[in-house]
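Okay, here we've got a single chain as C-alpha cells, the form predicted on its own, with questions on binding and movement later.
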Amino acid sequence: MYPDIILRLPEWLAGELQSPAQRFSTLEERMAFVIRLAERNIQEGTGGPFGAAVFTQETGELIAPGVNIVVASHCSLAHAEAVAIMLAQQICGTFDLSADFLPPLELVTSAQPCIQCYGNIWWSGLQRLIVGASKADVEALTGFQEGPVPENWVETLEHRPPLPPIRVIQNVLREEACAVLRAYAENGGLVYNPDVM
C-alpha cells in the first residue's frame, strides 16, 4: 500500500490571503503579491525563493497562490508554479484551466519557469504567463540550475498550433524579484539541485 500524496502549504500562507475573492487590478500588483510570497517563504524558512499565483486575467481575482515547498514536502515537483497550478485545478474542479466554464486564467510567477514548470504550463490550460526575474537572473544570483529551457521558449508558448497560444509578458518588477533571489543567496539559502546537494 502506497501513502496518499499530500502537499501541505505553509501555515503562514493563510495570513497573506485577505479574502476568498481577493483582487489585484494591475500586473504590477499581482507580481508584487507573488514576490511577497517568495520573500515570506524565505523569512519563514519554509522553502525556496519563488512565488507564483493563478489569477483571472481580466479582473485579477486570485484563484490560487503557490510557493516553493520542495524540501519540506520531499518532492522535487513542488515548485511554486506547479503548486499554484495544482491548487487552481483542484479549486476549479478541472485539469484544464482553459475549460469553457472558466474565464481566461494566467500564471504570475516571480521568476521564469524552469524546464519542469515550462512543461507544466504547456499542459495546464493557462492562457497567459507573467514573469519577474529571468532564468539568467535565477542562475546567476542563486546557483540554481533551471534546466535546458528552449532558447525560443516565449515564441514556442505563443505559437503552438493546434493548441491555443499562451501569451508571455516578461520583466514585470524584475528588480524586486531579483532582490528576493539575492537575499536568499546572501543568507545561505539551500540550493537543492540534485547535482549540488
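Source: prediction; values computed, not measured. Sequential numbering from 1, following the sequence displayed.
One more form of this protein exists, namely the form predicted in complex with another copy of the chain; it is left out here, but the text below deals with it.
Using a 4.5 angstroms heavy atom cutoff to another copy of the chain in the predicted bound form, all of A64, Y118 and L163 count as contacting. Among heavy atoms of C114, some come within 4.5 Å of another copy of the chain in the predicted bound form. Another copy of the chain is not shown here, but in the predicted bound form it comes within 4.5 Å of a heavy atom of Q145. Of the heavy atoms in L9, some are within 4.5 Å of another copy of the chain in the predicted bound form. When another copy of the chain is considered in the predicted bound form, L105 lies well away from it, no heavy atom lying within 4.5 Å.
With contact defined as any non-hydrogen atom lying within 4.5 angstroms of another copy of the chain in the predicted bound form, the contacting residues in 82-98 are A82, V83, I85, M86, L87, Q89, Q90, I91, G93, T94, F95, D96, S98, given in sequence order.
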